[in-house]
Each structure stands twice: as C-alpha cells, then as structure tokens.
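What follows is one chain in structure tokens, specifically the form predicted alone.
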C-alpha cells in the first residue's frame, strides 16, 4: 500500500511540455495531469506523442521545454531511477522479466541488499506475499517466471512497482496480450489500487477498455492535446473522432454469404517451432470462398507457425495442405503465390517488405519477373511498375512522398497498406492475414478492415489470425481458437460468446 510518509503523490502536473526529435516536433506544448485515486487514460494514434510524453515523465527522455510538478512542487526527472525515487513506476508493453528467475528474484533485482552480495530473498518473498494478498494478485514468489501465464507475468510487473512503493503507475498497452478474463482480473487490481490512493495512467488503443476503467481521458493528435474529458461523457465514436479528426466506422455491416467451395484445407498438420518442440499439433482447418475464418488465441500459441506453414515458410512434419484441392506441401512459397495464395505476415518489416527498397520496388517483390512488370522475364518495365505503384498509392490511400521513397521512411500503417495493396492486387484465391492491424492507427485499422471485407465479398477465402478479439468478432464468419498449438474449439459468428472464447484461449474450456 502507499506509505503516506514516503513518496505519496497527490497530484502530477505536466505543463507546456515540448519534445523535439530531428525533423519532428513529437510533443507540442502539452498539458497533462493526474490526481491520486484516479485512472487517467491517454489516447492517440501512433505518433500522436503519448508514449513520448510518458517517457518524459518516467525520465527516459528529457523535455525541450515545459515543467513537471509533483504535489505542486517542480521536479527534475533525469532518469528512471529519479522517477522511482519520486514514486513513479512504469509497466512497459513488453515485460522486463528474466524467465529463469523466480518472482522474488525478479522483484529483488536492482535493490540494495542488507547482506552485501547476497540477496534478501526471504525478506522480499514475505513482502511480495503480503502485497499479493492485499491486491489479490495471487502470485507465488517462489515460482520461476517461465511457469507463469502472460497475465500472471504482468502481475509480477505490478508487484515490482508496488514493492518499490510506486504511488503513480504508468501502464503502457497493458491489455494487448491478455484474454478477456485476464483483462477483467487486471481491472479489479487497478480499481483496488485506485481505492488505495494510487494514481494510474492508462495508455491503450482499445476504446471499450478505456471507457470501462478510466475516470478522465486525454486525447493527443499530431503531438498536441485535443482535449481532456470525463469518461462518463465519452463514447467510442466520439473518442475515435477526436483521435483521427474525422468520423470513424467502428461497426461494419455484415452480409451473410453462401458457403461455396473449399479454397484452403489443412488435414492433420503438425509442425515444429523454432525451438524444435511441437508448434502445431493435428491441425484440421478449412476456409471456403467468400469466408473469413478468424483464429483467436493468446500470443505464442502457434499462430505464427500456422501462418508460416500455409505460406510455405515453415515445413510440416506431418499432414497435408490443399489449395483449391491441390496438395501444396512440397511447393515453395513462390509456387504457392503463383497458385493464388497471398500472405500478409505478422512481421511486416522482416517478411513483408525490404525496408531499404523503395515503395515501387516493394510493390513488385512478387511478380517482378512476370508481365506486366517484365519484358520476356528479363527486362523490367519501369513504366508499368511506376504506373501500378501510383495506382496503389491512390487506391489504398498510402501516404508517401513518392514511389521512390524508401519503405523504412513510411509509418507502420502505411507500410501495412502497401503490403495489403500488393497482396490483394494479385487477385488471390486465399489470403492469410496475420495480425493485419497490429501497431497501426485506428484510421488505418478501419481502412484495412474495409478492404478485407471487400475481398471477402468478391470470393476470397481469408484466414484472419489476430490477438485482438474485438477484430476477430467484428470480421469473422467462423472463429477457431488455438491453444498450445492445437485448435481447441470452433464457433460460428452467431454462437460467439466472448467469455467462452476467452476461456478457450486460456485452455480452460472447450465447447460441447
């Protein structure tokens, strides 16, 4: 609990904060404040400035102008150590834990010991137990981190901050990899912390969750503050419009389709992970023309292996894969592409594009040796390449200075649009879309969703692999759940129940 005599934060105020990077004004005179016993959400698209602002508060960046006040007194936060000493903690999106160490050992890291080189593990363990009881964290200090689920690991991060007597906690995308049940558990913990007087800053792009947990919401756009409003006066639509500057479609009209012929089929497929153990176990899956099949699951349960096996980037150890009724197990990725398979990879900068190539060069990564991009398979038709690229830029609203701009200069959302344009323009029979909107803005997400639904309408069979359950529920005709490399359940769109799906994602339940 917060010690009233030590590092108690009643209020934090950031006034007229400015942060420049070379060629970019990331934060432009932003005011932000948070009070004790409050959850203040920070919303904004990628590049809006929210992470930069919080890194300034936590001492990872120094502001070029402005001031920060704690309890009305100006403070200089030059490093995370200073922030921690002042009572500020931060839970990063990617956990900073050592898997081979226990919970207590992870909490003890970086702390001074009363025994010199020996850690006070017994003292740390006892206090961890007490904190765990107070906040219903249900964490055993003696358990190694690698034994814990993602949600339990997040609780360890919260425990570390509480152990260091953090009075203000910054949570950066805390629900990104949690099941619905784990999100509910996290919110119970946050509400208990709020009751005990903690200040909480909640950074997220999930509007429904922001509205569920927040007292106030501040929206940033292009480095500036749009407004701060009470959560009770906000809606998902109003927040989305504040973030993007225009009306955003959050619900899509669903048109039932008649199930036609099978385009993609996996029968008894097994495959190894990169570490050599079973990544996929006895996968049986069919996707029909004009159908979106969503694959739901917590990260690391075989989604990447599934996408790569179908795309031809990972071999199967058993089973068969069929594309339009033809067995493709022994076909290369390029052969599968020529047969009508398109692939939007999870790691777009590694598998989707070549970052040092231009926009135009990336457009013709597939088919550069075929008509109309090549003459007789040898000479590039530069005119056709440029014309096609320009048309993609217009059709897919890709923001780029020119067709010759290196892809690494584009934003994540525009790179994703480029990959989508290239893959859909090939008029595929089957599209594998792995995490198609991960890390992209709400405006780009809306656009990508519309394009996927358009492809479905013209008969493309789409396998949508996503950790965003809202995305799966919004777009899918059928939903399968993957857990530890196995498909543990399947439900239709009409039967989909978010709680039941969440239990299946955690391996706790299977449909009858």
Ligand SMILES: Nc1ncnc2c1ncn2[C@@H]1O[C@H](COP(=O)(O)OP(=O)(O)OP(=O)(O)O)[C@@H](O)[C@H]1O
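Under this definition, the rigid core comprises the largest set of C-alpha atoms superposing within 1.5 Å between the forms. Positions refer to the first chain, counted from 1. Just so it is clear, the model here is predicted, and its values are computed rather than measured.
Another form exists, predicted in complex with the named molecule; not displayed. Remarks below refer to it.
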Which residue, 152, 173, 184, 85, has a heavy atom that falls within 4.5 Å of the named molecule in the predicted bound form? 173
Within 4.5 Å of the named molecule in the predicted bound form, heavy atoms considered, which of 94, 246, 208, 147? 94
Since the chain is shown here on its own, which stretch among 65 to 73, 472 to 480, 43 to 51, 448 to 456 would lie within 4.5 Å of the named molecule in the predicted bound form, judged by heavy atoms? 43 to 51
Give a yes/no on whether residue 34 approaches the named molecule to within 4.5 Å in the predicted bound form, heavy atoms considered. no
May I ask you to state whether residue 353 is within 4.5 Å of the named molecule in the predicted bound form, using heavy atom distances? no
Hey, in the predicted bound form, is residue 141 touching the named molecule, heavy atoms inside 4.5 Å? no
If you check in the predicted bound form, is residue 412 within 4.5 Å of the named molecule, heavy atoms only? yes
For the stretch 293 to 316, return the residues whose heavy atoms include at least one within 4.5 Å of the named molecule in the predicted bound form, in the order they occur. none
Establish whether a shift of 2 Å or more occurs at the C-alpha of residue 220 between the shown form and the other one, with the two forms superposed on the rigid core. yes
Post core alignment: residue 445 C-alpha displaced by 2 Å or more between the shown form and the other one: no
Large Cα shift (2 Å or above) at residue 25 between the shown form and the other one, core-fitted: yes
Residue pair residue 177, residue 355 - Cα distance in the predicted bound form, closer or farther (3 Å or more): closer
Please say whether the CA atoms of residue 439 and residue 174 come closer or move farther apart in the predicted bound form, knowing the change relative to this form is 3 Å or more. closer
